[in-house]
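Coming up is one lone chain in structure tokens, specifically the form predicted alone.
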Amino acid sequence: MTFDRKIEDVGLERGVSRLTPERIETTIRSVLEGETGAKLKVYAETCMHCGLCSEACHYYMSHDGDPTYSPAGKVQQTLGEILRKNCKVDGEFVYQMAQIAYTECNLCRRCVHFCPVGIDTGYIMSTMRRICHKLGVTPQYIQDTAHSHSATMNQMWLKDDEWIDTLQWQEDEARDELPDLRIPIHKEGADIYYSVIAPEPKFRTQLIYQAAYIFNVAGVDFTMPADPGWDNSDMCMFSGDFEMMGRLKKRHFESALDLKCKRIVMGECGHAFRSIYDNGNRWDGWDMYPIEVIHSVEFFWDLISSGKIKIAEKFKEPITIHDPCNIIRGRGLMEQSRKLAHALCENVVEMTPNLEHNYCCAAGGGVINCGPPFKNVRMTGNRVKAEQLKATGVKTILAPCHNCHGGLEDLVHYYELGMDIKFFGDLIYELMEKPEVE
């Protein structure tokens, strides 16, 4: 297979310039022999090259069946080449491997559902990223985010006082609407430890405002932490920096345990949730989470189904639901998301395909975090998603995930779809019965 789509990226170029043949071989062997085992070996040896995974991948579908974009094709161009050459590959190959693993696979795992023997290409691509990370060959933008986590324990370089100021600012704003509203900060013994990803205080502060309003009206005993650990996001999981991923998840769990909270409720983010229920906790060696953790979709449904939040009027316009891979394929929250959507909206139009077979937004898996050099990779590599959205005929998309919002917004603009995108929190706040205030 010919790789003829190399994209210039300063992080990849600088990283490759520092490599030697010995370092490449030693590093690859250290990962394959020291960090993987039967799982990767079975995947490598059992692929039947049947091609059934191809149409599971939005990159393959959007590039008119180009086999180099199929899951099996991407494995052949990365792990397959490493095995054929017994780990003796050069810097140019490492650049190609990094570009494929970081920017042409969203780790969405849709292909697992199409593989007759259950090969997890997402796991293989994660292993390729791990090798690239240990070689120091990572796209510049996602590495900057990983560095921010390392230095500040949040991905947006927020200072500790800026985080507190933002919570108090949102509390003040919301008190204009609900005078007794509180955002309890660092309160011990609360029922709920509410955590968000760092882009919320940076770019989407209305989500903190809305959550605080919903929780106060519902009478939820909650708190938001003051110390590092409040940012539940995890780009290190995607860059291959698993050591830092483990630090982030350990701090997040310990922050909730220090406050003696009963459970963690995470905001509407998919990858952060995956890093808690799937990757980070296992890297830290926990068989089971040290504290119960649930996604906002589950918590919002509890509030509405229990009658703590009542809906004054349903959303009337037709709306469609995007299924984030990390909470639907990864966690199985399709039932709660549908119940919630139908409780809020009069006319829910399903996409085709949907649920665990829905197409990825092409932003997840850290791909959107690889930044502007690779934006066109996402746009041209997800034409099928744009076509799927357009076919619903609706003007509003419901997507309970930050990365999905970023990816879908880019698609809507690029393909001129004229659609709006909402979180569940947006709709609940807009449609709920609100107490009258004198």
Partner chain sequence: MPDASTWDWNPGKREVQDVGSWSDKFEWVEEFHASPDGEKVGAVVKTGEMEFTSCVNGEAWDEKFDRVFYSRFSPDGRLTGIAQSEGEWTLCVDGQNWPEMYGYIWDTKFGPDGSIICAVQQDMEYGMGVDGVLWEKFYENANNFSVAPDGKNTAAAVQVASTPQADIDLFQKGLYSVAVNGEAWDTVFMNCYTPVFDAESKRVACQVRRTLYDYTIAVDGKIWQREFQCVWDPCFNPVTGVVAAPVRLGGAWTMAQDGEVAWGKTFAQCWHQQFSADGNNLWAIVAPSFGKFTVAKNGDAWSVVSPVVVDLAVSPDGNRAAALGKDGYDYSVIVDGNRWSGSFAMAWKPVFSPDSSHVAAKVEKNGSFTVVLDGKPYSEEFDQCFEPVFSPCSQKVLIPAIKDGKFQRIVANVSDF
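Numbering follows the first chain given and starts at 1. Predicted model, so just to flag it, every value in this text is computed and none were measured.
We do not show the form predicted in complex with the partner chain, though everything after this point is about it.
Undergrad: Within 4.5 Å of the partner chain in the model of the complex, do Asp302, Lys390 and Lys434 each have at least one heavy atom?
TA: Checked in the model of the complex: no contact with the partner chain for any of the three.
Undergrad: Find out whether any non-hydrogen atom of Trp283 is located within 4.5 angstroms of the partner chain in the model of the complex, and reply yes or no.
TA: Residue-level check for Trp283: yes, a contact with the partner chain.
Undergrad: With the cut-off set at 4.5 Å between non-hydrogen atoms, does Gln140 touch the partner chain in the model of the complex?
TA: Within the cut-off, so yes.
Undergrad: Does at least one non-hydrogen atom of Cys261 fall within 4.5 angstroms of the partner chain in the model of the complex?
TA: Answer yes; at least one heavy atom of Cys261 falls within 4.5 Å of the partner chain in the model of the complex.
Undergrad: Using heavy atoms and a 4.5 Å limit, would one call Ala312 a contact residue for the partner chain in the model of the complex?
TA: No - in the model of the complex, heavy atoms of Ala312 and the partner chain never come within 4.5 Å of each other.
Undergrad: Note which of Lys85, Lys308, Arg182, His342 lies within 4.5 Å of the partner chain in the model of the complex, where distance is taken over heavy atoms; exactly one does.
TA: By the 4.5 Å heavy-atom cutoff, the listed residue in contact is Arg182.
Undergrad: To verify the annotation, which of these, Phe114, Phe93, Tyr277, Trp157, has a non-hydrogen atom within 4.5 Å of the partner chain in the model of the complex?
TA: Only one listed residue qualifies here, and that residue is Trp157.
Undergrad: If contact means a heavy atom within 4.5 Å, which one of 350-358, 101-109, 145-153, 322-330 is the stretch that engages the partner chain in the model of the complex?
TA: Correct option: 145-153.
Undergrad: At a 4.5 angstroms cut-off on non-hydrogen atoms, which residues of 161-191 are near the partner chain in the model of the complex? List them in order.
TA: Residues within 4.5 Å: Asp161, Glu162, Ile164, Asp165, Gln168, Glu171, Asp172, Arg175, Pro179, Asp180, Leu181, Arg182, Ile185, His186, Lys187, Glu188.
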